[in-house]
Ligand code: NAP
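Coming up is one lone chain in structure tokens, specifically the form predicted alone.
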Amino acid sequence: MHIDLTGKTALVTGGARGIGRQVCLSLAAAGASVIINYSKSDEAALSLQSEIGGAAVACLKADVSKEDEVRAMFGQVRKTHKRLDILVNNAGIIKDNLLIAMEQPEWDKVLDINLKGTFLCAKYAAEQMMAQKAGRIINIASVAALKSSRGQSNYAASKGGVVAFTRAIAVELAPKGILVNAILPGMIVTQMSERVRKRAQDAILAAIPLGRYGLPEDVAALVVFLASEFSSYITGQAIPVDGGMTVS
């Protein structure tokens, strides 16, 4: 199977680091023009832009939880790139704490970035994709939506919301030619997961039937597939990439 995304334009939120970074690299390797969205990781975004190279990569700074910044970002995409074929809603944060110790700002910030950010970007992407009568929206959720851990009530709620949101808008947008799916990564080797992996490595690996952590490449490969014509009859799905964690 050879996937060719030449002529497609993709926007990846939170694209400068971790899973998002690899998604940008993999989409570019498949031929897509890639727009790297970031909020604070200026140096990482510019480094990635340089690594991909060429005219088919750009950076756009915006906080996905702020509607005015999201609106401006999509306006710039429309102005500069004329079309948007693929949106990968990857931006996300964690602020773990036990329920009785969790402060409202910890709850609000996680829901704002992970869930509201997904809503805002999907909304503005859908407007443009509806005019094109085609598009792909790929939401990066988490296995925490299905199988959570202590101290992750805010994160699990946000990612569970992403899954439900994905299914709801998939029904709305299918008649418009827009496919919407969610990917649920398990324990992936990124900076975000480093603290958890160090704290409970043996227990985590014991819960993964494949016996290893996932890599950003494992997630990016599914993103590329879902962005391609090979996935043209798949929508409204929530697909774990977790080494079997959620079925063990």
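Bear in mind that the values here come from a model prediction, so they are computed numbers and not experimental data. Throughout, we count residues from 1 along the sequence that is shown.
Below, we turn to the form predicted in complex with the ligand, even though it does not appear here.
Quick check for you: of 24 to 32, 46 to 54, 188 to 196, 202 to 210, which stretch puts a non-hydrogen atom within 4.5 Å of the ligand in the predicted complex?
Checking each option against the 4.5 Å cut-off leaves 188 to 196.
For the three residues K8, G135 and K176, which mark the spot I'm curious about, does each lie within 4.5 Å of the ligand in the predicted complex through at least one heavy atom?
No: none of K8, G135 and K176 comes within 4.5 Å of the ligand in the predicted complex.
Listed residue (M130, M102, A72, I93) with a non-hydrogen atom within 4.5 angstroms of the ligand in the predicted complex:
Of the candidates M130, M102, A72, I93, I93 is the one lying within 4.5 Å of the ligand in the predicted complex.
Find out whether any non-hydrogen atom of G18 is located within 4.5 angstroms of the ligand in the predicted complex, and reply yes or no.
G18 belongs to the contact set for the ligand.
When the contact criterion is heavy atoms within 4.5 Å, does V180 count as touching the ligand in the predicted complex?
Although the ligand is absent here, V180 would stay clear of it in the predicted complex, with no heavy atoms inside 4.5 Å.
Partner contact for Y124 in the predicted complex: the ligand, 4.5 angstroms, heavy atom:
Heavy-atom contact with the ligand at 4.5 Å: absent for Y124.
Given that the partner is absent here, does A62 sit within 4.5 Å of the ligand in the predicted complex, heavy atoms only?
Residue-level check for A62: yes, a contact with the ligand.
Heavy atom within 4.5 Å of the ligand in the predicted complex: which residues of 22 to 49 meet that condition, in order?
Contacting residues: N37, Y38, S39, K40, S41.
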